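Given next are two forms of a protein chain, the same chain in both, each as structure tokens and marked structure 1 or structure 2.
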Structure 1
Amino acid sequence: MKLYCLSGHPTLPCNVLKFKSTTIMLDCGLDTTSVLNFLPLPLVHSPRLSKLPGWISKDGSINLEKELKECAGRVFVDSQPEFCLPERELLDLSTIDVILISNYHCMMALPYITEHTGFTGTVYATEPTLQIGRLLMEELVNFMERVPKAQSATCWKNKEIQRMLPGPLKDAVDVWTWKRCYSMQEVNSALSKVQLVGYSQKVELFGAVQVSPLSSGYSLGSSNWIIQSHHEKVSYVSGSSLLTTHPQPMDQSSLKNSDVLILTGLTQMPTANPDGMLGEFCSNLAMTIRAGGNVLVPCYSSGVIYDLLECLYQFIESANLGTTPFYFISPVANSSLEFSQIFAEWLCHNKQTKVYLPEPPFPHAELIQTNKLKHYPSIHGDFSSEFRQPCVVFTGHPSLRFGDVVHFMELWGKSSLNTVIFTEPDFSYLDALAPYQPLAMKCVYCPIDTRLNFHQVSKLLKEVQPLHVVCPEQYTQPPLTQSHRSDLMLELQPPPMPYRRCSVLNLPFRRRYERVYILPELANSLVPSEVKPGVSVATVSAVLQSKDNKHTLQSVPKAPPVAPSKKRKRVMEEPPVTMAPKPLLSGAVPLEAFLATLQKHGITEVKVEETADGHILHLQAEDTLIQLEEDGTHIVCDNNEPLRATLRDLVLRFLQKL
């Protein structure tokens, strides 16, 4: 059993498991942190960004004025932002049989895998994962296509040139694997390969293994996966949460008795408590609005935003913010808000019960009805005529490199009354803000990450007790910035097996057993013999047929009678040659009784020697050795066949024939 690790990002995993003749890809996360090296794409022409000076090395030897621009003391690539893809050279991706998706954030690289590698398999995901994943992909494509950039920057990626660049461009890894965004056509083609599954539904893969998704408690439809054969079990835990938020709670008990547990997607903010961050989010928002400023929340169009809106719904009245407009701007804003209301069976119990009242499970439905929350596909059109300040705007993309958020950063960045509140943990907020410096607006960092922290995961592993744990190497050491915090890492016995991008792990358990079926007519012909109370044994002569990873014992076909003829016809399929089975022997030869029997037959000079496995009897007068062992008896007798046969018959008296 092997694990190929194609992504180095612990919360955006992409691994391939080879298990019992099947090749299974576990998630295909897209590392979007690479976009922080690019200039923002403004929706409205920005004089500031269009007049930036090009970069030339100090000695003038490298001139990349067209590709690189200097902005706020840093150098950025001036082209369409590119993403860091999972590794595609480590193994032939066309051999992948299935892709299992755990949540909608971990499927963003799907079109790169299914459309450009010769992939012909099936993708399995839950319905909310598919639908919300589609929205996030659609939004990404929309953001890119609204602001097309003609040129593509490639010269800076040359190894010799990249070494000379200022950081962080100099330190960017695998830049040649970075790719531009896919098209909507590729998204539709990739998602047409998805087959929907429900929690605990068992899916057979070629008769070899069974896969089934379990609720992971992190987002709508998010799953952990169980991959098992008759005798082995692998659990894949990715992006799980034990907190009581809107999704169904995590199914922990089904993870028990795993031979290997692959652990990814822990919280990126182990020291930040989500409840505390929500409180801070609300208080900073209220403070800014009361002072007459605007609040900008760069966020994804699904996920934490549902919890933020719910929190604000409860907070608005008490904080006296009833008249403040809330705007949610995204090409998929309407679909996202609607989807969250219709996936009732994927929600936690108290939200499910609301559906039967009938009430909408999320309060943002009421915010929309009372006109407190308005949603728009973009800043163009209706929004520009209905927009009033001070207000709160939720929009993407959290990297601040593309989407409507770029316009608001340019519009509000110069006033200290306004505040930008970062709630998504995927990007360093200082790097995200770099091209907008110097900035007068206040910045508040309230990362809300509900995924498991190290304390919760240690407790979980104690309960489910897998034999082996595999995890990203980042989890086996404390964070670089807090090297003294040994509580921010996994400490397990035996220690977890770490992986990094491009590593191939041989998972430490061997398959020992295989299930074999026996046909009824063959079972009917067996004659069991009792070897000890409660234990019967039967010999069987059969043909083993293996097909579609199922093994069956069938009766041996009888040879058809050959008709006498001068010309012998060639038999198309000759039945296997069968020999009459030798009787099997069971039992043990008791030493004292055997010595007494030898004496009766006139063999008196016997020297007994004890060995680790039994006894050696030396018949001195006959110059013969008899080895009595637990699993066999050997008679060593030179040139005296009658004596050997006699001794053999004496031994057989004590054994049972099957």
Structure 2
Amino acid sequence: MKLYCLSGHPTLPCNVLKFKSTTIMLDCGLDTTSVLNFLPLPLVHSPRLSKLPGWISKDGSINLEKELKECAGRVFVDSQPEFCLPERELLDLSTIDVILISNYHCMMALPYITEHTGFTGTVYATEPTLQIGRLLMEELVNFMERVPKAQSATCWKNKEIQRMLPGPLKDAVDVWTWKRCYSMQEVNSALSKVQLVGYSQKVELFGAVQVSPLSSGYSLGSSNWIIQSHHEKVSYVSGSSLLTTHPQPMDQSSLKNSDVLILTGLTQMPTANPDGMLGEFCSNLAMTIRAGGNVLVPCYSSGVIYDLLECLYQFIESANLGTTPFYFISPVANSSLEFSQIFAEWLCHNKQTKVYLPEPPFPHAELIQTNKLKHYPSIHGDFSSEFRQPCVVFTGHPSLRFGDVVHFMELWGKSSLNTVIFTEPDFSYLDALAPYQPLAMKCVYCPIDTRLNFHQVSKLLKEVQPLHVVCPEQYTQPPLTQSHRSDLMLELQPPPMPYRRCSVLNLPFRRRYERVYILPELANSLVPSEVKPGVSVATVSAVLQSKDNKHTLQSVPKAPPVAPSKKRKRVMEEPPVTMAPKPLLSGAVPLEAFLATLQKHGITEVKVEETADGHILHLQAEDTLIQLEEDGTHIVCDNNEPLRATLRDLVLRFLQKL
């Protein structure tokens, strides 16, 4: 069993598991942090951005004025933003049988994997994962296609030139594999390969293994996966949460007794408490509004935003924000809000019971009804006429490189009354803000990451006790910035097996048994005998049928009766064809009892001779020797078949057949 690691990003994993002749891809996360190296894509012409100076090396030898722009001491690529894809050279992607998706954040690279690679398999995901994943992809494509950029910068990627660039561009890896965003057509084609599954549903793959999603508690429809055969079990844990937010709680007990547990998607903010961050978010928001400023919340269109809105729903009245308009701007804002209300069976118990009343499970329905929350597909159209300040705007993309958020950064950045509050943990807020410097706007960083922290995960592992743990290498040492915090790493016995991008791990696994089915007819014919108290054995002679990785044992078909013809004589002379193997023998032949038996069969003249290991019996009349020893019997005789057969059967009487 092998694990191929195609992504080095611990929360956006992409691993391939080869297990019992199946090739299973676990998630295909898209590392979007690469876009931080690019200049923002403004929705309306931005004089500031267009006036940024081009970059020329200090000695003037390299002139990339057209491709690279300098802003506040940092260099950005002026081109359509590009993403860092999972590794595509480590193994042939067309051999992948299935892709298991754990949550909608971890499927964003799907079109790159399923399209143009020869992939012919099936993708498995839950319904919310598919629907919300589709929305996020649609949004991404929309953000990119809305502001087409003719220029595609490639010169800076030249190895010689990249070496000369200032950091962090200089240190970016595999820049040649970076790719532009996919098209909607590719998204549709990729998603048409998705087969929906429900929690605890068991899906058979080629009869060889069974996969099953479990609730992971992180987001709507998010799942961990169990990949198992009758005797081996691999758990794939990705993006799980033990906090009570909106999704169904995590199913922990089903992870028990795993041979291998692949652990990815722990919190990216191990030192930030989500509840504390939520409080900070609310107080900063209220403070800014009271001072007459606007609040910008760069966020994804699904996920934590539901919790933020629910928190605000309770907070608005008490903080006297009843008249402040809240805007949610995204091409998929409406769909995201609507979809969140119809997945009752994927929600936590509290929300689930609401639909039986019937009431919408999320309170943002009421915010919309009372006109406190308004949603728009973009800043163009209705929004521009209905927009009132001061206000709170939720919009994407959290990288601040594309989407409507770019417009608000340009619009509000110059005033210190306004505040931008970062809640998504995926991007470093300083890097995100870099192309907007100098900035007068206040910046508040309260990342909310509900995924497991190190404390929770070690408790979980203690409980479910996997034999081996595989995890990204980042989890086996403390974060670089906090190297003294040994509590911010995984300490396990045996130590976890670390992986990095392009690792190929041999998982420590010895398969010893396989399931086989004994057909009723054969089962009825078995004769068990007790060899030890409580342990019975039965010899099985059967025909093995293996079909679709399912094995059955059936009775040996009886030889057809010999046709009464001239051929009969020849048949006798044929060598034995059906070589039914004889059973193994066990036990010993006791001398006295054997002699008595011989006597009964008319063999009386027996001379017994003692040897080092046993006895030699000389059957004088028959001129035959029988050597009796503890672990063997040897019969030496003339070519007298009837006699030999008799002796054979007499010896066999004393032995056990296996």
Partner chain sequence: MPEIKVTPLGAGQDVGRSCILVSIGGKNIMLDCGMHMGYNDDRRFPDFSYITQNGRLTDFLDCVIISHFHLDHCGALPYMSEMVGYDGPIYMTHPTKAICPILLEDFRKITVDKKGETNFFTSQMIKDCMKKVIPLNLHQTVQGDYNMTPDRHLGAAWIDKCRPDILISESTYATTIRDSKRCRERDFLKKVHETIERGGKVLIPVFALGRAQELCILLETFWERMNLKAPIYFSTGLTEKANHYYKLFITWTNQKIRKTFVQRNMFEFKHIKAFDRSYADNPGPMVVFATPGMLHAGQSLQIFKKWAGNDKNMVIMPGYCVQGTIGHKILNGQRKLEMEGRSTLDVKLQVEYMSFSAHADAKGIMQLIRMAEPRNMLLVHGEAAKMEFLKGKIEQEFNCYMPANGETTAVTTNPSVPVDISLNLLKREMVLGGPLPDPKKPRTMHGTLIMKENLVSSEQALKELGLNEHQLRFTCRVQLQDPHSDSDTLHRIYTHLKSVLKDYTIQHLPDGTVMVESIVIKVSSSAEDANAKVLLLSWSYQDEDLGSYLSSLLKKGLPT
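If you superpose the two forms and keep the largest set of C-alpha atoms that fall within 1.5 Å, you have the rigid core. When a residue number appears, read it as a position in the sequence of structure 1, where counting begins at 1. What you see is a predicted model, and the numbers here were worked out from it, not measured in a lab.
Asks: Specify the structure that is the form predicted alone; exactly one of the two qualifies.
Replies: The chain shown first - structure 1 - is the form that fits the description.
Asks: Following rigid core alignment, is the displacement of the L526 C-alpha between structure 1 and structure 2 equal to or greater than 2 angstroms?
Replies: Yes; L526 is a residue whose C-alpha shifts (by 2 Å or more) between structure 1 and structure 2 when the cores are overlaid.
Asks: After a rigid core superposition, would you say the CA of S541 moves by 2 angstroms or more between structure 1 and structure 2, or not?
Replies: Comparing forms between structure 1 and structure 2, the S541 CA shifts at least 2 Å.
Asks: Is it true that N639 shifts between structure 1 and structure 2 by 2 Å or more at the Cα, once the core is aligned?
Replies: It does, since the N639 C-alpha is displaced 2 Å or more between structure 1 and structure 2 after the core fit.
Asks: Taking the rigid core as fixed, quantify in angstrom how much the C-alpha of P590 shifts between structure 1 and structure 2.
Replies: With the cores aligned, its C-alpha sits 9.3 Å away.
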